[in-house]
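This document starts with one chain, in the form predicted on its own, laid out as structure tokens.
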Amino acid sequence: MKTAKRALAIHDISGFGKCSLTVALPIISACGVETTVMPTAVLSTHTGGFTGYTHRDLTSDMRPMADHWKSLDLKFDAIYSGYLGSFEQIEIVKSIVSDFKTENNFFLCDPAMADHGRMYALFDMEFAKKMAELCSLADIIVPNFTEAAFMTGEEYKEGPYTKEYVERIIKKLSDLGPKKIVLTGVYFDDKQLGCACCDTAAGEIEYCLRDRLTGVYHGTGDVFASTLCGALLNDMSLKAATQTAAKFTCGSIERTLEITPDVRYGVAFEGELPRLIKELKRDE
């Protein structure tokens, strides 16, 4: 009997704003993958542009949840972690990887902690070192340029970039230990923006660039990484999965521009899900 693949998504959950688990769960599920969730915190809204939001930390629940799943002998085809709010949560995710990682599944880590040359509020460079340790356990990592520079000790630079700089960053990321790398925010001019992906076993760096869309949109990193995870679980190659994730993310932004002027609300990925399902060629 054919069974659905199962992913474990470890993220916070914002009641409003479309990021983290509120995008990971529907997107990975739409990819035909059963999605188990481990909330690390619950917020009323995401923190980008909103004030007065509520926040409840769930660190104390994470290990007991994992222990219960272990007692049930649950298996996962992928473990996918995103924003982690403390050193303790990083250590807990390390233990979860130790408990549930096998030769037949993968751990995808999105080291969500920094952007535009700055660490997120409450984080410092010591946190970047700990996140680098977590990335060393991963099969696939999805950092942006800021996160990549901070984890590797490389000087952060604003783009446009040179291929030499991109390839140096990727080489340093590969030295951390992950098997596959997708570096986001790559651009060589003002016309296109995208990613560089590398399977360290092959050593070849491939680029996926699309026409640049103006503006900054909350949650797009989570949309991209969630789609990448779902596409990989549909047995796509790294390059094909990266292209699929980039296409879906851009399509979601374009749809957002058509229906809402307030980018704080997140991108309108829901209307793009039928196209994603069709592209994955799922046979229902």
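In case it trips you up, residue 1 is the first one in the sequence shown, and so on. Because the structure is a prediction, the values reported are computed rather than measured.
Another form, the form predicted together with a small molecule, is not on view; read the next lines as being about it.
Trainee: Find the only residue in Phe100, Tyr161, Phe127, Tyr83 having a heavy atom within 4.5 Å of the small molecule in the predicted complex.
Mentor: Answer to the contact question: Tyr83.
Trainee: Under a 4.5 angstroms heavy atom criterion, identify the one residue in Met65, Ala30, Leu43, Leu238 near the small molecule in the predicted complex.
Mentor: By the 4.5 Å heavy-atom cutoff, the listed residue in contact is Leu43.
Trainee: Does the 4.5 Å heavy atom contact test between His218 and the small molecule in the predicted complex come out positive?
Mentor: His218: yes, in contact with the small molecule in the predicted complex.
Trainee: Classify Asp12 as contacting or not contacting the small molecule in the predicted complex by the rule of any non-hydrogen atom within 4.5 angstroms, answering yes or no.
Mentor: Answer yes; at least one heavy atom of Asp12 falls within 4.5 Å of the small molecule in the predicted complex.
Trainee: Does the small molecule come within 4.5 Å of any heavy atom of Tyr156 in the predicted complex?
Mentor: No, Tyr156 stays farther than 4.5 Å from the small molecule in the predicted complex.
Trainee: Within 4.5 Å, heavy atoms only: does Gly48 come near the small molecule in the predicted complex?
Mentor: Heavy-atom contact with the small molecule at 4.5 Å: present for Gly48.
Trainee: Among the candidate stretches 218 to 226, 30 to 38, 246 to 254, 66 to 74, which one is within 4.5 Å of the small molecule in the predicted complex when only heavy atoms are counted?
Mentor: Heavy-atom contact with the partner occurs in 218 to 226.
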